[in-house]
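Quick setup: the structure tokens below cover two forms of a single protein chain, split into structure 1 and structure 2.
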Structure 1
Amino acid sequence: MNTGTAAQRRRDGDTVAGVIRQWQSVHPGLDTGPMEIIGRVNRCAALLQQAEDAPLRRAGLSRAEFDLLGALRRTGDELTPGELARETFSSGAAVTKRVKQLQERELVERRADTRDRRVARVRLTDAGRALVDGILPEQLAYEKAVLAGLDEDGHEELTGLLSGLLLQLEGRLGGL
């Protein structure tokens, strides 16, 4: 005897489903449809960050610091504080502080731009590059393990759908 599809059974089983049921019972008319997706995106992100913060802290880094180092690593080049702020979604002031600390730990270097003396140029040291290259595969391996519960087709589909959602969000915010 089966009470529904596999997707339905999944959907009724996570914590977000419980939250939505609570809202429904308190506010019977409310359109809780969006929560089914948005609530789950938020909760997934929160749990993922929580899980990935542990190995980072073992390496002596906060997530924000790792994001900064990662941005430098993947662009393969020097970035200015302003670019780093945009790239890592944080304020300029926060970047200033983080760069100072990472510099003291000799993970990044800064030099003055010769053309425009307002701007600084930040780049990874060899130690900084090595640190990122050591941590990143660990993170990816953990993520791969989490995703192993979904089949191949699921990955494809999920990627496409999330991409659509993300484009909506980026377009909508970019438009303002």
Structure 2
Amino acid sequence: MNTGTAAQRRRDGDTVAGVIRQWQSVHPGLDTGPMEIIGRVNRCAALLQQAEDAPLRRAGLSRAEFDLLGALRRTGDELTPGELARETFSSGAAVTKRVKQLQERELVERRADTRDRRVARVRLTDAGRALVDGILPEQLAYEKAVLAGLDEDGHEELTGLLSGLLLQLEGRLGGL
């Protein structure tokens, strides 16, 4: 006999459910509700990172490098390292390291600002622009395949739920 909803049956079978059952056996009164969400978000993130991004890997790029190149492409501007850090949710040191690596591969150029030589400006080279434009459709197709198990309603529901959570966390934790 099947009991519970289809969503409940799916939750009961994932790896996080096993961890939660273990904690509940050790601490029966413990509220594991937050773990049920955060644990699953973290597990999904870990699996997505393990899978890496095949199209990016074939191009010799990490996700972080692609995000930096993508930020330059989608804004259409030269950006400072600080602006790139904000656009890519990265530290300044990480951006500096990535810019140096991408500059060595001639995918970005770095120059001093004309008004303030202490400020650097980073822009895509023609090769960088061509690489981003060439990989983006393939990367999006790969990401679509990764999410193929979600139907359209599930996709929309998950997008809405994650967006709501992100807005809440950015509002509350963004300043930390």
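Please note that residue numbering is based on structure 1, beginning with 1 at the start of its sequence. Predicted model, so just to flag it, every value in this text is computed and none were measured. In this text, rigid core is short for the largest set of C-alphas that superpose within 1.5 Å between two forms.
> Is the form predicted together with the DNA shown as structure 1 or as structure 2?
That would be structure 1.
> Core-aligned, is the CA shift for Glu138 between the two structures 2 angstroms or more?
The answer is yes, as the C-alpha of Glu138 shifts between the two structures by 2 Å or more after core alignment.
> Given the rigid core as reference frame, how large is the C-alpha shift of Arg58 between the two structures? Answer in angstrom.
For Arg58, the alpha-carbon shift amounts to 3.1 Å.
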